[in-house]
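Below you'll find only one chain, the form predicted on its own, shown as structure tokens.
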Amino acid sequence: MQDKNFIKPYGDTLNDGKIQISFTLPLDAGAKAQAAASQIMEKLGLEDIVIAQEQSLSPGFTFYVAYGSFKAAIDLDTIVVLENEQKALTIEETDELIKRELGRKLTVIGASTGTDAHTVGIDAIMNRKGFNGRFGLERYDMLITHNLGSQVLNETLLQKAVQENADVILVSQTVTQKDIHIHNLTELIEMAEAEGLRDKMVFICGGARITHELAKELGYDAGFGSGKYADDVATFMVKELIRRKESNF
């Protein structure tokens, strides 16, 4: 039996290594394009390759779904990740914690920045109704929230934060083509540092391709990806503000 600390992808049976991959090739459908798709799978280190679907998208472009077997195994003991895992507090618990430890309402500014026109992420965190039965930050009695919407310039976001004397800045990034989210997030932190604001506020970013590790690398206090909700964000930002207050004593 394989050591439980060594794992492979699961397809039909445990540790069979089966993987499904989809991709588009700049080729017309046909035998030569299928052979190219198979070679791509081989160069990824996969074996027992099956081209399961070939679909023409437009002249010169074909979409493929392919299967292969990953023969190696991953040693879990060698994996080290930077996590931001903590039990989310309820709205009532968070409001009480703010009252007891900080003694005032907190101001939170949120936006989707740059050319990102999607508000689904920032709305899920900030709007009163929230998402998937988890209410947003507008439900909290001890939070003053300002949702600036989409396509907000980083400069505008910081100006609003200064104007409102914000405690927390939330940035949602949905569009990630050509790593535009990295550019937007990096620019915001650089501007905040240049204006002496970085340490005066808690900076949090979120989105489908955001991880806590990536956020920390970019200079943020925390990052929240898929499967995270307003109560996760609220718990972190309140505890972070309390930590900063205690460290200043």
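What we label the rigid core is the largest C-alpha set whose atoms superpose within 1.5 Å from one form to the other. Start at 1 with the first residue shown and count on from there. If you're wondering where the values come from, they're calculated on a predicted model, not measured in any experiment.
Another form, the form predicted in complex with another copy of the chain, is not on view; read the next lines as being about it.
For a residue to qualify, one of its non-hydrogen atoms must sit within 4.5 Å of another copy of the chain in the predicted complex; all three of D12, Q39 and V50 qualify.
Only one of M142, L89, L97, A73 lies close to another copy of the chain in the predicted complex, with a heavy atom inside 4.5 Å, and it is A73.
Heavy atoms of K8 reach within 4.5 Å of another copy of the chain in the predicted complex, making it an interface residue.
Another copy of the chain in the predicted complex is approached by L44, whose closest heavy atom lies within 4.5 angstroms of it.
In the predicted complex, another copy of the chain sits beyond 4.5 Å of every heavy atom of Q163. With a 4.5 Å cutoff on heavy atoms, K239 does not count as touching another copy of the chain in the predicted complex; it lies far away. Put the two forms on the same core and the Cα of V120 is off by less than 2 Å between this form and the one not shown.
For K239, a C-alpha deviation below 2 angstroms is recorded between this form and the one not shown after rigid-core alignment. A displacement of 2 angstroms or greater separates the C-alpha positions of A33 between this form and the one not shown, with the rigid core held in common.
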